[in-house]
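One chain comes next, on its own, written as structure tokens: the form predicted on its own.
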């Protein structure tokens, strides 16, 4: 295997820098997740997700973050492979060393974390990209269509439903001859009106089932098919993933709860070694404050992982 020639310490520095950035991001991510626990019908968390999904600076940062994750994985795997190739014959007898036990598990804990990331992305991030189906929400102001409301009011004045009104229009249009230029236009108009009637049905169902946020700004719990209906009828409606509802639903599943909690244990082991190791690699550690860095790393790992775990456990308990 021919790999590019880069000094081992250079690869370690890259791993440390990328890992340090990801450690900071984990604290930010864990802090944001705590918004799920607010008893505000997801208003704050949904507003946060909306900002993160629509702000262009955040979108650029998102690409950078994904790139850093990929580079961290690649450099770590590269470093592990080159170290193995440098000593193809292992020691006949394992000797004692002062190496922290977590360092020997870094590669394996990293593989488990990567496996979790694939699952986590399928449950959330890929939903945002439209690669996986999920639950959706839409701003009520984006569903204000003047044409739709005018026809709905006219149907109401005639004391019939909008669907019945459309059916009457369809029956009248059927009497038009194919040679009549108005026939094609009428059919197209009726098709557009029917699609907007489907939007009205979605809105009415949402109000009937109380799927409106307390502030009245969002319709929630939309299915993938309803999302497609809105996008086709009202291209500017811009439905987006309902991450608050998806999180609440996910952590009512005991299997998912167990999987996530196991992952947080693995993440703790990984972070527990990664924090002081990054300082060591970058030459920022010495005998004077090495112990303090080690303790700070433990505290940091505990805080981040407990914040993640608290959301999972408390949501499962219905709090």
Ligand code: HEM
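Positions refer to the first chain, counted from 1. Just so it is clear, the model here is predicted, and its values are computed rather than measured.
In what follows, reference is made to the form predicted in complex with ligand HEM, a form of this protein that is not presented.
Site annotation in the predicted complex: the residue of 224, 189, 125, 80 reaching within 4.5 Å of ligand HEM with a heavy atom is 125. A heavy atom within 4.5 Å of ligand HEM in the predicted complex is found for exactly one of 275, 268, 68, 260: 260.
In short, of 212-220, 125-133, 191-199, 141-149 it is 125-133 that has heavy atoms within 4.5 Å of ligand HEM in the predicted complex. At the 4.5 Å threshold, heavy atoms of residue 245 stay clear of ligand HEM in the predicted complex, well away from it. Although the partner is absent here, residue 256 is not a contact residue: none of its heavy atoms lies within 4.5 angstroms of ligand HEM in the predicted complex. Though the partner is left out of this view, residue 52 does reach within 4.5 Å of ligand HEM in the predicted complex, counting heavy atoms only. Contact check for residue 29: a non-hydrogen atom falls within 4.5 Å of ligand HEM in the predicted complex. Contacts to ligand HEM in the predicted complex (heavy atom within 4.5 Å) from stretch 16-45: 25, 26, 29, 33, 45.
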